[in-house]
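Taking the form predicted on its own, here's one chain by itself in structure tokens.
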Amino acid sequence: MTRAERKKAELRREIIDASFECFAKHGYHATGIADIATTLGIGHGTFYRYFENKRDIIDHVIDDLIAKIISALAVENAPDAANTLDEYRAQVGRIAEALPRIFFDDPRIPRVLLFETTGVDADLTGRMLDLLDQSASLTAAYLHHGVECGYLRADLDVDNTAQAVNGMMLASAIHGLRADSSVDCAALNQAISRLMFDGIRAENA
């Protein structure tokens, strides 16, 4: 990158971050381009050199948030990475530590993802519903692998169990938004882990 290209990329990143902050604080519909521009101390014209409009910028904000979630499921946490129940427990533990850092350490993320985006238009609502479906499919892939390896029970209803596991995580994220005090992530993770492993592990595992 040239110096000019680097500065352009940095400003683009700053506009996305400022937009995220404004959407989380004021709501998508109550936020104007002027609010985003004022936050950064730039003019309207500068904003429109990078993004078409407010609807365009929220797509980039969502892309950024989804990328953060996906990064929590790194290569070592791929669905086929665990071959024993102990390895799967460790894998679930890593994921259980990573996801709360995203949703509880920065409550703006679930606020924007779960509440702001679904009130923008049908396309963005559909995108969020697709994200939930993709998350359930990913969870199902972990469970399918466990059944195939024999450390999860052979009669496990994989698809519905995946929906149930994701439902627990989603409910926890919403709880984090409403809680008067900080969420005890360690206790929450332990409760979810006990519920999962007491119910889905194979009898001989």
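From a predicted model like this one, the values you see are computed outputs, not experimental measurements. Note that residue numbering begins at 1 and tracks the sequence as displayed.
There is another form of this protein, the form predicted in complex with the DNA, and it is not shown here; the text below is about that form.
Contact check for residue 166: every heavy atom lies farther than 4.5 Å from the DNA in the predicted bound form. Under a 4.5 angstroms non-hydrogen atom cutoff, the DNA in the predicted bound form lacks residue 160 among its neighbouring residues. In the predicted bound form, at least one heavy atom of residue 42 sits within 4.5 Å of a heavy atom of the DNA.
Remark: residue 49 counts among the residues lining the DNA in the predicted bound form, judged by a heavy atom distance of 4.5 Å or less. Of the listed positions (147, 170, 33, 69), a single one reaches within 4.5 angstroms of the DNA by any non-hydrogen atom in the predicted bound form, namely 33. The partner is not drawn, yet in the predicted bound form one stretch among 25-33, 150-158, 133-141, 61-69 has residues with heavy atoms inside 4.5 Å of the DNA: 25-33.
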